[in-house]
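One chain comes next, on its own, written out as structure tokens in the form predicted on its own.
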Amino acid sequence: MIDLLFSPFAEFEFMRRALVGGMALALAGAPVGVFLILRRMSLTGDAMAHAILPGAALGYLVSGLSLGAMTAGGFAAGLLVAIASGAVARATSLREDATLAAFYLMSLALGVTIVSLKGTSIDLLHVLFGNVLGLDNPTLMLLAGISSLTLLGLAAIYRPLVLETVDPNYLASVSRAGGPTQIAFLVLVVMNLVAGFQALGTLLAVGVMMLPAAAARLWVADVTRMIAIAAAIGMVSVYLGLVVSFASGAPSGPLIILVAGGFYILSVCFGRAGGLSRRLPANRHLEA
């Protein structure tokens, strides 16, 4: 058993690359997921994960499986959908969740159509589900760069972001930082979804962001500790998912998300800050 935990990474370079890339995704994506959950924007993250697909597909249409073209296209498409859905929500009677759902459904259908027109079913599976075991040096550099920029960006906007999350009216009364903070945060969300797309595809990219964050929310109420726990759960999920994948031969990306889902289920059952165990009636055997 101990040999299984270490030998895949000692013997195979592609496993080490997958581990480094996955750790970078978890380290930056999970803290972003914490704020998405606290701001009640969980479905926004999922919608924007699908929204990057047409931009990435256009990059694929122009340059094939080019890292730069697909990254730039996905980033531009994600920002465009975020801005457009907000504008439509303000200009019409629709709520922003409804406009996001409409845009992400159209984006997903458009992206799948574009990839299908030029590529094969293998290319489509690569775009939708990624290939974490096939990360090369440029992709690892991209993931490390986005992770570093995300952590620096969160550090720069941490105070106004927390204030706006807890009490947006108070922040608006003492500062005009609310709008720029929201925009900067959305940029960080899109950046991490684009990074996750390179390794896990558009359908799974949001999983490594949201599941560890949701699990952490059930253990602590303090934001700083929540971020640390979410990042730790995300990194452990990547490691265990790769180990189980190596041992079983099952796809690595889905297994990483399933392990993170397992941590979420455990947190739902036993979490100290909202799990089911906290809602059970107290032991009354000492009462008269």
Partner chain sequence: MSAAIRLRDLTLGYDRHPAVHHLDGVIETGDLLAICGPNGAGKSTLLKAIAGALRPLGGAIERVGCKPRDIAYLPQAAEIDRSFPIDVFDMVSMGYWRQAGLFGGLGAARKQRIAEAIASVGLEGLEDRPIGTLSGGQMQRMLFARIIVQDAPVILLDEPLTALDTRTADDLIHLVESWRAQGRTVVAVLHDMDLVRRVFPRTLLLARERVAWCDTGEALSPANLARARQMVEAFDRQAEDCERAA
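As the structure is a computational prediction, the values presented were derived from the model and not from experiment. Numbering follows the first chain given and starts at 1.
Absent from the display: the form predicted together with its partner chain. The rest refers to it.
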Considering 117, 166, 141, 87, which brings a non-hydrogen atom within 4.5 Å of its partner chain in the predicted bound form? 166
Just one of 61, 232, 258, 223 has a heavy atom within 4.5 angstroms of its partner chain in the predicted bound form, so which one? 223
Residues in which of 148-156, 204-212, 99-107, 70-78 have heavy atoms within 4.5 Å of its partner chain in the predicted bound form? 148-156
Distance check, residue 244 to its partner chain in the predicted bound form, heavy atom within 4.5 Å: no
I'd like to know whether residue 182 contacts its partner chain in the predicted bound form, with contact meaning heavy atoms within 4.5 angstroms. no
So in the predicted bound form, does any heavy atom of residue 173 sit within 4.5 Å of its partner chain? yes
Just to confirm, residue 130 within 4.5 Å of its partner chain in the predicted bound form by heavy atoms? no
Can you name the residues of 39-57 that have a non-hydrogen atom within 4.5 angstroms of its partner chain in the predicted bound form? 40
